[in-house]
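In the block that follows, a single chain appears as structure tokens, in the form predicted on its own.
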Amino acid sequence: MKSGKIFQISLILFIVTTLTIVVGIVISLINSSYPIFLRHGFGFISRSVWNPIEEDYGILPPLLGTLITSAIAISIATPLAISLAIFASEIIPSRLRSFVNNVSDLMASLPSVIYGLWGLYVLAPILHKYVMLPLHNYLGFIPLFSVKPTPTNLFTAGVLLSIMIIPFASSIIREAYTAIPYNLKEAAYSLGMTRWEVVKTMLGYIRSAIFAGVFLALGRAMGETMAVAMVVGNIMNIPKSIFDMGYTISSLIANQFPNAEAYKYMVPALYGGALILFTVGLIINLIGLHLVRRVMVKS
């Protein structure tokens, strides 16, 4: 009984400590960023200028860059993550599954700077030559592809992010898929379903896990820093096309923070960007939790 009480108290202490850290981070972000909001108000979010000399700052271009690259990443990664999970769980011979799963987990653990180097010197030239230029040449009348592309831009960053987040989403979907009771699959096959029909049915059974994996991967995409900073172009402008060079909030913080102390309002501006990124991530995660709960209720 005594050991059980100690265990219960330990859990409470861990929970309180975790909540205290989160609350402390939020308070720190608010306390450090409020000078920029006193100076520019909420116009800080809608301004597109970043001029340290005149202490004039706006976070709109990096915010748009974050949303665009994350949208590209999650659009590409979602079908690929589901496909990888199904391939590793259902299609590939059992003797090779552990190898494929280990490779996938290894991809998730690689340092982001390695992805950044590979993206800059390998992925970016390939995308530029075989994807971006053809899209611009043949579909340039569409605003999404209207800007003549350079190798490093928002699209390259989004594609690189998709490669980075596929293992995260896939591992969650794969674990949920392998946890499905085998008698459900047997029942489906006994009804005369094909393998494809069984897979579709099982995916419906784990819809909540798919949503959870996708939103976890989206959170990783929005917060990624080094790899994106190396391939996004790092130019402060309002994107007119996915082929524009730009910034994300994370890459802006990484690039500007070393010189921030030399200016009065740059540090609060960077903290303001971090607060906005935190808020956007929180909103997206709350939406994800709501969708997951709705799916679970319907199931």
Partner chain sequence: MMMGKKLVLVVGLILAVAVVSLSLLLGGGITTDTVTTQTVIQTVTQKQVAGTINGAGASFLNPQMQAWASKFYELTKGRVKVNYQSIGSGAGQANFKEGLIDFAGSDPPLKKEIYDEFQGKSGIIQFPVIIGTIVVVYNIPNIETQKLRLTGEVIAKIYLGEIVYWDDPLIKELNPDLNLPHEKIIAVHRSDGSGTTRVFTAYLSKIYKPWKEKVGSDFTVQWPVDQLGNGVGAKGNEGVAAAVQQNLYSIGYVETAYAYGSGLKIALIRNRNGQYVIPTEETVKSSLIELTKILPKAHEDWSKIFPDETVDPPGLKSYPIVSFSFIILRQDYDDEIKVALLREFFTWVLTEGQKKENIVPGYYPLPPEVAQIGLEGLKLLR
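Just so it is clear, the model here is predicted, and its values are computed rather than measured. Numbering follows the first chain given and starts at 1.
One more form of this protein, predicted in complex with the partner chain, exists but is not displayed; see below.
Taken together, the three residues Ala229, Met245 and Gln256 all come within 4.5 Å of the partner chain in the predicted bound form, as judged by their closest heavy atom. Taking Leu110, Ile92, Val131, Ile142 one by one, only a single residue has any non-hydrogen atom within 4.5 Å of the partner chain in the predicted bound form, and it is Leu110.
Taking Asn137, Ser75, Asn102, Ser83 one by one, only a single residue has any non-hydrogen atom within 4.5 Å of the partner chain in the predicted bound form, and it is Asn102. Within 4.5 Å of some heavy atom of the partner chain in the predicted bound form lies at least one heavy atom of Tyr121. Residue contact with the partner chain in the predicted bound form: Tyr265 places no heavy atom within 4.5 Å of it. Under a 4.5 angstroms non-hydrogen atom cutoff, the partner chain in the predicted bound form has Thr150 among its neighbouring residues. Although the partner is absent here, Pro239 is not a contact residue: none of its heavy atoms lies within 4.5 angstroms of the partner chain in the predicted bound form.
Only one of 34-42, 48-56, 62-70, 270-278 lies within 4.5 Å of the partner chain in the predicted bound form by heavy atoms, and it is 48-56.
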